[in-house]
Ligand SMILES: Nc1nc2c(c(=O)[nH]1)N[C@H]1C(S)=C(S)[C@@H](COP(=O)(O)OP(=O)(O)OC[C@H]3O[C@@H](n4cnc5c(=O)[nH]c(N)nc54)[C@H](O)[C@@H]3O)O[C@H]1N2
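First, one chain by itself: the form predicted alone, in structure tokens.
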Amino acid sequence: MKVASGGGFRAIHYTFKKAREAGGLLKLYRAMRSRNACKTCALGMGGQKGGMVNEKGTFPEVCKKSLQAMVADMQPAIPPDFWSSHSIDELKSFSPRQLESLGRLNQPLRYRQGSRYYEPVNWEEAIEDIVNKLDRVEANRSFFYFSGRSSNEAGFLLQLFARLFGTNNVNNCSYYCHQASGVGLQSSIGTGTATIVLEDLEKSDCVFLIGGNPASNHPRLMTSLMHVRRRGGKVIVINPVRETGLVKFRIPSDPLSLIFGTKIATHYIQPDIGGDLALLWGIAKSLQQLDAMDHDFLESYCQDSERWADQVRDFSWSEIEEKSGVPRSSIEEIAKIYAKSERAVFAWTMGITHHAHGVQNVQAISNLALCRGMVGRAGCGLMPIRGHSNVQGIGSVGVTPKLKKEIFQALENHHSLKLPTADGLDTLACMESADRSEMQVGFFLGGNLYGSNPDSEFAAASLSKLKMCVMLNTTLNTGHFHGLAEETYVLPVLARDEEPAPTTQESMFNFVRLSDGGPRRLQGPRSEISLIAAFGSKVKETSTKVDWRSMRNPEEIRRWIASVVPGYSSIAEIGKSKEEFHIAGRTLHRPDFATDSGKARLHCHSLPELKGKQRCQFRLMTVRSEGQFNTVVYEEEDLYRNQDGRDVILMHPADMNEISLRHNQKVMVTSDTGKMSNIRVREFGNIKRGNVLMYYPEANVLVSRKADPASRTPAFKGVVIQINAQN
């Protein structure tokens, strides 16, 4: 039966299904209610108020993503005899979902080149072997990669270890997702995070949701959008795909919404993939013609506004229409709505950042907000919707190739440390360096670096040239079997709600809160903090520089963080007070901008050409499914797009008819980077003509390493592909 709305009774049924997998509804409920921040998206859940509570204090707030992540961590251990009966070649053929569902990792694993199998080893042997190899490696020939699921304490400790080891090749997963947001916002308003809190969103009268599908990826946001709609507010969705959950959603915790459904989008605009920048400038041009700019705000609080206004005036409507794929009448319609708004919020996800001009996209969004004074007041502002529960905190505590000057100076002066000063490499640069055999060691705290990379064949070849790779994970993923180094270690770690002592995370809205940890479910895994401290105490370069024994205590790490990280001084007492705190200077309820001039800056751009206009050529966007979180696939089906598998390419029926393709026909999909065969082409009338959709990470083989020069984020969207029928 075709799904016509998001959420609803299906979501409730799914909760009971996951409860059975977890060992019962009460067991799952207790786990979800524990005082631990949500393990999935960064919309600000849990902490001192307990799980299933949002930052406004509303209960119950829960979504499928958080249930899926929790149940995955509640799986039993992978049986000890599994590794002798399943070869690496066999496991390479497993899908991401199959690997995730095998169970929890509970013993260290080692692979040595030439072997067909992983072998379990004991902790002492694994640590000693890794330390011996680190002692023989030049520090600048190593790199460290962090996912956004770990705690602030683990992130700070590992980046400290890396720098004391002698390298600044320290980077986090945001380089492949929201780095363009941070760079774009920093260049515009002087801060790289959301300028609002959750209450501001629900006070707004107009929400722009650009390049995102929160109905699938951040479902709790739908509750806030329901509140906006009920107060008479407008929700303008800009997306090449008409997503079911953004048209209508049934909030399970709201009886009226559950039964009757909530209409989400008041207006739905479908640009071509890559056409957002032209569309955003088109809205600005309409505002200018309506004389709807806030000239007083621009004059008092912004710089370069006159040059920006001249640029708006110079763009022709014909260029805007051609390069956005949106008619002038539609652009003018939503501009009129924005012109009447008193409190507008601009929200976006990776449909904006995953382009070769991702930073420019973010700057153009900031331009639109600034030109009407929608930054620096309550109830309006800028809201990058980040995808992982602590990706923002990881960056805040120093997991970046270049440390903030304040952190660098505090570590050297306050803690008498000598840190490396050479430029660190970003994630893609580390991969390219490994491909040139310039890297010898990779150390990964969570995540799936292989699965996150563009150009999958390159990624596998690059990682396989390493002498050693160390991966800390809770469950298996494709990165454990593709691109294995000469020697590869997989070390099992505890989930956040199993940590023996409380740790902290930072929410998307800049709150830092405490997670209490909890009892371990398995005997084998170790705490990330204790494991990192163990390496620090044994590696020659680091062992004498810090009291690593004390660093096994999160309280001590928090004292260090408080003394060096701007805005984090309150973290020193959070273990005792249990009180979350908000990082000062990020939420902008006044037009106080942390730029050199003290004013926000408006940026000018040229509009990129839309590519892929020849016969059989299309613009591809890689996307997540409703049953997926980042590279982790929990369900093969994509419920809201009514797809039963992931080996598909979704096309508009008129495009299929034009090149004589039939529904479910097998096709070859080719790009300049790679190809995929035996892909089923599917009729999908919800996508704009000339554009197609495939699933990430499987379609990464088609994605080139072309990246935004300003953020170094690869262009996972707008890939030009060719489709040909297979016999």
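We number the residues from 1 along the sequence you see. Quantities reported herein were computed from a predicted structural model and do not represent experimental measurements.
What comes next is about the form predicted together with the named molecule, which does not appear here.
Colleague: Tell me, out of Gln360, Thr504, Asn477, Asn169, which residue has a non-hydrogen atom within 4.5 angstroms of the named molecule in the model of the complex.
Modeller: Among Gln360, Thr504, Asn477, Asn169, a heavy atom within 4.5 Å of the named molecule in the model of the complex occurs only for Asn477.
Colleague: Which listed residue (Glu243, Glu202, Glu636, Glu332) meets the criterion of a heavy atom within 4.5 Å of the named molecule in the model of the complex?
Modeller: Only one listed residue qualifies here, and that residue is Glu243.
Colleague: Quick one: which of 434 to 442, 228 to 236, 628 to 636, 536 to 544 gets within 4.5 Å of the named molecule in the model of the complex, going by heavy atoms?
Modeller: Comparing against the named molecule in the model of the complex, the contact stretch is 628 to 636.
Colleague: When the named molecule is placed as it is in the model of the complex, are Gly446, Ser452 and Met621 each within 4.5 Å of it, taking any non-hydrogen atom of the residue?
Modeller: Every listed residue reaches the named molecule in the model of the complex, so yes.
Colleague: Closest heavy atom of Ser150 to the named molecule in the model of the complex, within 4.5 Å or not?
Modeller: Yes.
Colleague: Indicate whether Cys38 is a 4.5 Å heavy atom neighbour of the named molecule in the model of the complex.
Modeller: Result no; Cys38 lies far from the named molecule in the model of the complex.
Colleague: Contact between Phe249 and the named molecule in the model of the complex at 4.5 Å, heavy atoms?
Modeller: No, Phe249 sits far enough from the named molecule in the model of the complex that none of its heavy atoms falls within 4.5 Å.
Colleague: Is there a non-hydrogen atom of Gly282 within 4.5 angstroms of a non-hydrogen atom of the named molecule in the model of the complex?
Modeller: It does not: once the named molecule is placed as it appears in the model of the complex, Gly282 has no heavy atom within 4.5 Å of it.
Colleague: Can you name the residues of 550 to 571 that have a heavy atom within 4.5 Å of the named molecule in the model of the complex?
Modeller: Heavy-atom contacts within 4.5 Å come from no residue here.
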